[in-house]
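Take a look at this single chain, the form predicted alone, given in structure tokens.
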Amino acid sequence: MPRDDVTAETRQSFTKVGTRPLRPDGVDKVTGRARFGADMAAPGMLIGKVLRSPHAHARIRSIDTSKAEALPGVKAVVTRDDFANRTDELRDILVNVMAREKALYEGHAVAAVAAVSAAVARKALRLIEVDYELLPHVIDVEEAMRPDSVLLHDDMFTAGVDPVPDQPSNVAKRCEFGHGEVEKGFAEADIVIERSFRTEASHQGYIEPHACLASVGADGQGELWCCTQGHFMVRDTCAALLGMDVSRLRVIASEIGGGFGGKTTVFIEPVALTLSRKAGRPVKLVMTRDEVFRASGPTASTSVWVRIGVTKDGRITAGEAVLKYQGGAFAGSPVEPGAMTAFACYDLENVRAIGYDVVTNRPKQAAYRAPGAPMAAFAVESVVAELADRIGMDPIEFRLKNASREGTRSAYGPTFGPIGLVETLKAAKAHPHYSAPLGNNQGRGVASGFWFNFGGQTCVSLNINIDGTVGLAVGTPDIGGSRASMCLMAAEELGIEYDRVRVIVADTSSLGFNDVTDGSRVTFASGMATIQAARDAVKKLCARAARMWDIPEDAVVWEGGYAKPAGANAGDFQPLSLRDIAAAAAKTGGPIAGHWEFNAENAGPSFATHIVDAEVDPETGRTSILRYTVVQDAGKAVHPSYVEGQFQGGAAQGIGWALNEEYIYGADGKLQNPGFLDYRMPVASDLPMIDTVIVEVPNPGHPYGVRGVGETSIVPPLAAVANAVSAAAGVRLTSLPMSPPKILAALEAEKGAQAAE
């Protein structure tokens, strides 16, 4: 019989897992059959549009919607008055969904309409009269922290400070991690380097904008179709904001055209539901690209100071960082995970990281793959590279000498179990890329990175059909090929072919609660639930076989997709296939299904090391990425092609963030580049072919050894590219993105410094 404890042992041999079959949703997506957020329609559907603040910071004196309501074709108008005030943890979400006393950023929603057409809805928005009192604004994180700065919230007092401040500020929280005696460690160092770094806000860049279709009936029952990374979260949040029982709102997740963390919160869904409830008809609401940039969450912009000390033989004696992250107009920047991950790659006796969560007049930030970690790694890994160069030590050897490994007390507290950082460093050093020659104006950069990975609440249901096929219902939207991974793991456990398993993403009324698809949790947590649900089904299959043979249940084993008699009481029977047992299910007790629900733990942290070659044109400052290699520990690659795709995707996004991507604000606090024409994401011609090396150090917390891979891949690129560009240019770059003007300015400053000497 199968084991009850899914983490009791890590399998080493597989027949299905580790292969590369086609993804089950692939044909639908390439033929246009798959339905995304804006693809759903309903009879009598209205079109919703949102009126957004044109000001970065303004008090809303009044809103007059009478002219819009009188316009023929307008069926509902909503404002702050249609949402009950909240004082709990959902207050900021509510205020972000619909402004109350103040508009806190350009693009902040202040009203919305539902009309018979988009043209009528747009006309209605122009008829809404809002009386604004303009207020000073603050965009920069350093400026927002100043005591005399513009204040966004007069009731925000810095948490994490003892005693609690008696004056409000824009600093929402202070956090600190570390151990040892930092100053003592620096006193033992032969060389100490400290530098300040800046990164700008960057958007996740998903192709599909936020979209939803909401329908609330006269009986108060509601349905919501939306593109999201977590429809259970959407259900719970929307039900709370609208005062509905959770059971009265059914949420269905559409296919998702990219998320990367940016679709882990709500922006328009409560508005669409409120419009529908007021109009008594379904309402479809789709963001424009301009709205996506101005009103949905990018990641934080940051200011980071790092100091690291090292002995002449390459041992790090102390590390310290101060991280300041702005998270938009509301508390919740990713500074805490940034501070936790900053020094996670290193085995340090003396380490301290202090973080500040700061609010500014920008849209509320949202997660972006390993939120907070890439910016921290950019700063720390840049100084690590500079230290290795200063003492004349190979940068990978320097990292190996100081690398975290099993038994290391992490900088943020826990002691690491089996981890794969050392293996990624050794694989990177052995890769042909690392020893390839470089030409003029070319440089090579190396960086390592870390992410915690996450488990979370998970529920799966597995049903055996009468023909021996399997239907698997999961509650985690597929944003990276997870359906294929679930099929592989179910097929592995049941001993059947991959194409005999079909996975659906169940709606919120069909399955128990599932946490959001984030934290690199799905292959780990939903995969583990799938394995256990399959094992639950196998127990029942063995019991049915025992009944068919009229022998004790403990005399039946499951091997290779067959129930087989075993032991002294087994008798002489021919093995029964899953199909055989399923066909007889009606006569042996009815439907056969396996279920599992749990709060997954022991996700297993992940490490990666990246190598980058860059060329810098000293005349124009233009950077070309010549070669890129990702080496990352996946624990066990369930579907290697999609693992490699995650590696490559993180690297591609990191290259864009490092070289081109940024939110540019004018002096008026308004975003200057709210579209893909001016927000410069990399295209195919900007990128080299990205090589990948999958390292597999099994995670003992998963029966197959799986570690999440989706987020770690974006942690090293900012630093790796910066180290390559700095080597090619001959000057250290400390501000991202490293656009041509910044590179030219750094080169000119270096020439001036050399001339002064």
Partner chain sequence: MRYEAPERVETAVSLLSGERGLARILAGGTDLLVQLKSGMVEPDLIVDIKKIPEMRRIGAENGGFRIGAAVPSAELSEHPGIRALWPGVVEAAGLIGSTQIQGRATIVGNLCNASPAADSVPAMIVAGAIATVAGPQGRRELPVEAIAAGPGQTSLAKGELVISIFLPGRPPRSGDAYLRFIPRTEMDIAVVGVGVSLTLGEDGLCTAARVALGAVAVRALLVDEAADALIGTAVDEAALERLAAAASAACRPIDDKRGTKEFRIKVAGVLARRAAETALERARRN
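These numbers were taken from a predicted model, which means no experiment stands behind them. Residue numbers count along the first chain shown, from 1.
From this point on, the text means the form predicted in complex with the partner chain, which you will not see here.
Among the residues Q167, T87, S685, N440, the one placing a heavy atom within 4.5 Å of the partner chain in the predicted complex is S685. A single residue from the set R146, R195, K312, R622 has any heavy atom within 4.5 angstroms of the partner chain in the predicted complex; that residue is R622. Taken together, the three residues V182, A187 and L400 lack any non-hydrogen atom within 4.5 angstroms of the partner chain in the predicted complex. Heavy atoms within 4.5 Å of the partner chain in the predicted complex belong, among the stretches 344 to 352, 674 to 682, 577 to 585, 235 to 243, to residues of 674 to 682. The partner chain is not shown here, but in the predicted complex it comes within 4.5 Å of a heavy atom of P740.
In the predicted complex, the partner chain lies farther than 4.5 Å from every heavy atom of L733. Interface residue remark: D617 is counted as part of the site for the partner chain in the predicted complex, having a heavy atom within 4.5 Å. Among residues of the shown chain, S303 is not one whose heavy atoms approach the partner chain to within 4.5 Å in the predicted complex.
With contact defined as any non-hydrogen atom lying within 4.5 angstroms of the partner chain in the predicted complex, the contacting residues in 718 to 757 are P740, P741, L744, E748, K751, given in sequence order.
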